[in-house]
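Given as structure tokens, the chain that follows is alone and in the form predicted alone.
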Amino acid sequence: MLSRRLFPLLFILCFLGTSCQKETTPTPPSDPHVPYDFTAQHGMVVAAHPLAAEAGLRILKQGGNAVDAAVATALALNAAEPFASGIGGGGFMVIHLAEAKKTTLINFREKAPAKASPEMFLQDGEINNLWRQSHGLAVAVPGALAGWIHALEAYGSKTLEEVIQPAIIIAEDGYHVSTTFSKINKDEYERLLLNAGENNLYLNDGFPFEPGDFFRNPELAAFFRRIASLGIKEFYQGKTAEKIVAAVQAKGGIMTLADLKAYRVQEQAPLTGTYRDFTLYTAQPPSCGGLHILQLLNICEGWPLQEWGHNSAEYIHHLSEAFRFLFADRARYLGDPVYVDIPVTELLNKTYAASIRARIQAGRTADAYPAGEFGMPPEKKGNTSHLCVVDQAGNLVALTQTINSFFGSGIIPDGTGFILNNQMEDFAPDPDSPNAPGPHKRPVSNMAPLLLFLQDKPFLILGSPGGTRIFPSLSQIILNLTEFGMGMDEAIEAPRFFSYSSRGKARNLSLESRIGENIRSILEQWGHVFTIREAYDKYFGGAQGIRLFPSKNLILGGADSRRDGAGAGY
């Protein structure tokens, strides 16, 4: 059988009019892990579930632009991938408008309630992790709907009522549960039982869904119809707002109607930096993922990456050491920039990158990982969802959204069918941290939706879930493309690794098992201690990417097989 890596090349050759008589799009192979690029000429959506990708494509084909399709896809993910994101959460959206040559960022990150305080998770002087994860105190004010509507009104061409229709259909008609959905449903069974009860719609007669079981969410479909009819005020000031507050307070939370009414989206210039001939646009703090990607790329500019080779011992060692220094910066400096001063310019200075590079020694791990001068949070199962869109006019959207943990807080407002986030967990447990909880603060985020341009030409739309693994995973994908010449999905499917530091000390180096024992043996000699993960482990996220070839009128999409990703284009 023909290798799946050859499919994109054959498509390009056909497209350019060589030996093929007509354009053909190959059928994806049965093994989802074999790299496969979705192909299109006019527009494409890549998302974490095929139904969501098709929802966005439907809007594109109906004349919608990239923003319209992105919002439709985001809403569809609430129905098709409800454990990862939805209207009960928040996120970030990077938008590039081709005709206006404008790139902007919409920050719809959740916010802490007015009664939040740095000590709110302390019980008898100890951190109560249940309060941070599966309790009413864990719920931050959702920003998703406000962000989606802001994007539509500012840059879209369709109404909320139009773009919400595919999500209503998915929720009402239902679908067969995937292995991914089933496994996560089982992993978070206790959280759902605790906060939603055994009769909740995300359990199957009180038990987790098995692969192949049929799942419908008529409550969500009815709720979406209500939002389409009544608009944003219904969610932030109407009966839905009352249901959200009642659900949160019933589980010990402190959110009020005033908190919901006061929520506002922030639109701002994206964070920008360069890597060789590339320019990257991503989310500003309180998102730290894009900041750390730019820091890492600054460090990599001074290393002979191609000479070392992809996933060689030298490559993995040097990048892992860099990750550890950057996590020290994260713990010391990152918070909500409205409330704390973050030295962004200094952190992104290439001279500072050179100073980190000088601390990293070949053949041995460092003794300590101090933050730059001008504790890492506990490792957890971060959960998020990402989508990418390009339309026929060349408009681009990278959107990452989340409810934090899988199935969020597990709290479902009565009769709505959606899950509320547990985003307050993203605040640091240390009351003295710059990322400690406080009134109206936005917690630090690892999300990093990004656009990459090569000499002012669109090159890449990219993002991923994965909590603290987001910026290391996305950095590796970028380097796979720019340094090692991989195809779009090949770069996503390549084996990943991750490490971090906490309180100045190295933590284990996590490796997907496809990274061989010969490499591990060398790394062990250099001082690394391992955690071996599955061959394609969702611990490393579920990246979605679109590679753009403007001069060839060609679009290639990659969707991570670590989750249920898919692309749809025309």
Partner chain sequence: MLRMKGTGKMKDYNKIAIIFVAVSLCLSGADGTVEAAETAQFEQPLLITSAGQSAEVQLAAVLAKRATLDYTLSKLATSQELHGNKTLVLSLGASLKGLGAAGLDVAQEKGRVEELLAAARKLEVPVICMHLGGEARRGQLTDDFISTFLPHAKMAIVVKSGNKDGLFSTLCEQNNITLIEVERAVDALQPLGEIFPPEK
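Keep in mind the model is a prediction, meaning the values are calculated, not measured. Positions refer to the first chain, counted from 1.
Only in words, not in the display: the form predicted together with the partner chain, which the text now covers.
- A single residue from the set P218, P439, P343, G231 has any heavy atom within 4.5 angstroms of the partner chain in the predicted bound form; that residue is P218.
- This chain appears without its partner; in the predicted bound form, the one residue of N199, Q455, T351, Q123 with a heavy atom within 4.5 Å of the partner chain is N199.
- Heavy atoms within 4.5 Å of the partner chain in the predicted bound form map, among the stretches 179-187, 252-260, 114-122, 297-305, onto 179-187 alone.
- Using a 4.5 angstroms threshold between heavy atoms, T531 counts as touching the partner chain in the predicted bound form.
- Among residues of the shown chain, F278 is not one whose heavy atoms approach the partner chain to within 4.5 Å in the predicted bound form.
- Taking the partner from elsewhere, A368 is found to have every heavy atom lying beyond 4.5 Å of the partner chain in the predicted bound form.
- Contact annotation: D205 falls within 4.5 Å of the partner chain in the predicted bound form, judged by heavy atom distances.
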